[in-house]
Structure formats: structure tokens, C-alpha cells
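One chain is shown next in C-alpha cells, namely the form predicted alone.
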Amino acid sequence: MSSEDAEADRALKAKHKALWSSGDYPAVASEVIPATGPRLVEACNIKAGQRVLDVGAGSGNAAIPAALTGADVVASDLAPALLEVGRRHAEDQGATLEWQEADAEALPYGDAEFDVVMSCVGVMFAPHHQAAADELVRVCRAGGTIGLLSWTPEGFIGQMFATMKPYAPPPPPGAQPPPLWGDEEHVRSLLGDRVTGVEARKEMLTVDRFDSPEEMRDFFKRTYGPTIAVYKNIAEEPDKVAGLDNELAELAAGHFDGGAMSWEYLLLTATRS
């Protein structure tokens, strides 16, 4: 990597760190999607004594349940502010694990160091998908498990990103859309022949945190870094703000059924060759 490319990458990662440190992502993890972490831990069949790495761990939605099985867990994330919240959550739940700031595209771990390498709606937000996938594979031992839970392009969060895209600043060169990690063929192509026994299934998360589409929209405007960034981009254009407000409320309304929402994700596990 040239010095110019390295500087551009540092600047991009600094933006990502700031993005996920804005708002209150731990509230999203604990109030809206708490079931996703335990579901991924279950799918990876994590057991006591295993060495586990959670990439893009945030505040520990999957890492803490993994540690509570008795596994030896490292929770890594680009945003140290999220890890600090995770430390407190782990202490409250009696979980012991290691928390480490790390870039998913350049993990500071040795080859084949972990029995399980997982990510719960985390690594999908690394901008360069192949680089991130290469790291997931590199640090997993032969015969170990790679487990990923990612929002699908067709599901609510994927559609929310598509709705926000016209209002967002242009992505940096080479960055790919996060919901592509929710496309099975995309993930298979990223992992390639370095894994076997791929099992992929789409599942639905029931979200009953919100009483109305508008409440859901406003919660994400306050807490969710990507949504905050998009609104910041159009803050001086009230017509665009009103337009996005309406589009997000309409999108959410289409996913409400009987007072709850259903959000689709892809759950994919594979064995390191």
C-alpha cells in the first residue's frame, strides 16, 4: 500500500470510528436486536474452552453470550467507545472476556489463532469486503467455525440503507454496500474454497420495541450512526429532511404487523478448510 493509500485508509477508518461512536449504538443492540447475538452463538455451537473472536463486536451483543458459555472470548471493534460500554455490560452479567480495539480489515492476531471467528451485524460494515473476509479466514484455524449474521438487502435494514442512499454523501472509492453481506452468493464468493460445509439460511428477527413507524424512525435518528450521518449530510436542506422523514416512516409502516416488525437477516456458518 502506498503512503497515499495508507493515509486515505486511516482517514476512512477514522470516519467509521466516529460514525459508530455517534448516537447510542449500544441502545440499538440491547433494546432492539438483543436476540441476534445469542442466535449467532447458538449457530456457531460455541462451547466452554474454545478460543473465540468476535469481529465488529460493538458492545458485546454476541461476545458476552459467547463468554457466558465458558469460551475464551476476544471482542474486537474499531470504536473503543462501544467496547467501553461492552465492558460494563459484561461486568453486570458476570462475563469475563477480552476487549480490544481492532480494524476488521487488518486484525492484530496470528494466523489460525481462533476456534471460532464470528460477527453479528459487525464486519458487514467494513468498507472493503474482500479484505475483511480474508482476515476472518486467516485468523480461524483449520476445522474451525466462521459464523456471520448480517442484514439482507431485501430485509428492513437493507431497504433502510437503500432509502437513505440518495440522501447520503457519496461512498469512498472501493467501499461496498454493507447489506451485500446478507447475500449468500456474495459471502460464498468472499470466502471461496477456503471454507467447506457452508450452511446459510434467512431468518426473521421480531422487533417489538416500537409502537409506531415514526417512533422507530426517530429512535434511529438519535441512536444509529449511519442514520445520524445521513441526516447530518442534509441538515441544511429542510425539504430533504422532510422527504427522508416521510420515506423512512413509510418504509417502517410496511414492516409493521400487529404492533411488531420483522427484520430479515442471513445466518451463515462455514468450516475453515
Ligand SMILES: C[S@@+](CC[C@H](N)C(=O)[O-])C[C@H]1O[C@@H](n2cnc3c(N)ncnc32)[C@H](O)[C@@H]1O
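Because the structure is a prediction, the values reported are computed rather than measured. Residue indices: 1-based, along the sequence shown.
The form predicted together with the ligand exists for this protein as well; it is not shown, and the discussion that follows is about that form.
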**Fill in**
Residue within 4.5 Å of the ligand in the predicted bound form by heavy atom, from A29, V230, M216, L244, is A29
**Asked** Considering the ligand in the predicted bound form, which of I234, I33, L68, A43 comes within 4.5 Å of it through any heavy atom?
**Response** I33
**Message:** Considering non-hydrogen atoms and a 4.5 Å limit, does the ligand approach W263 in the predicted bound form?
**Reply:** no
**Close approach of L53 to the ligand in the predicted bound form, 4.5 Å, heavy atom** = no
**Message:** Residue-level question: is A126 within 4.5 Å of the ligand in the predicted bound form, judged on heavy atoms?
**Reply:** yes
**Message:** in the predicted bound form, does D103 come within 4.5 Å of the ligand, counting heavy atoms only?
**Reply:** yes
**Prompt:** With the partner removed from view, which of 179-187, 79-87, 165-173, 192-200 is the stretch that lies within 4.5 Å of the ligand in the predicted bound form, judged by heavy atom distances?
**Reply:** 79-87
**Asked** Heavy atom within 4.5 Å of the ligand in the predicted bound form: which residues of 1-33 qualify?
**Response** K13, W20, Y25, A29, I33
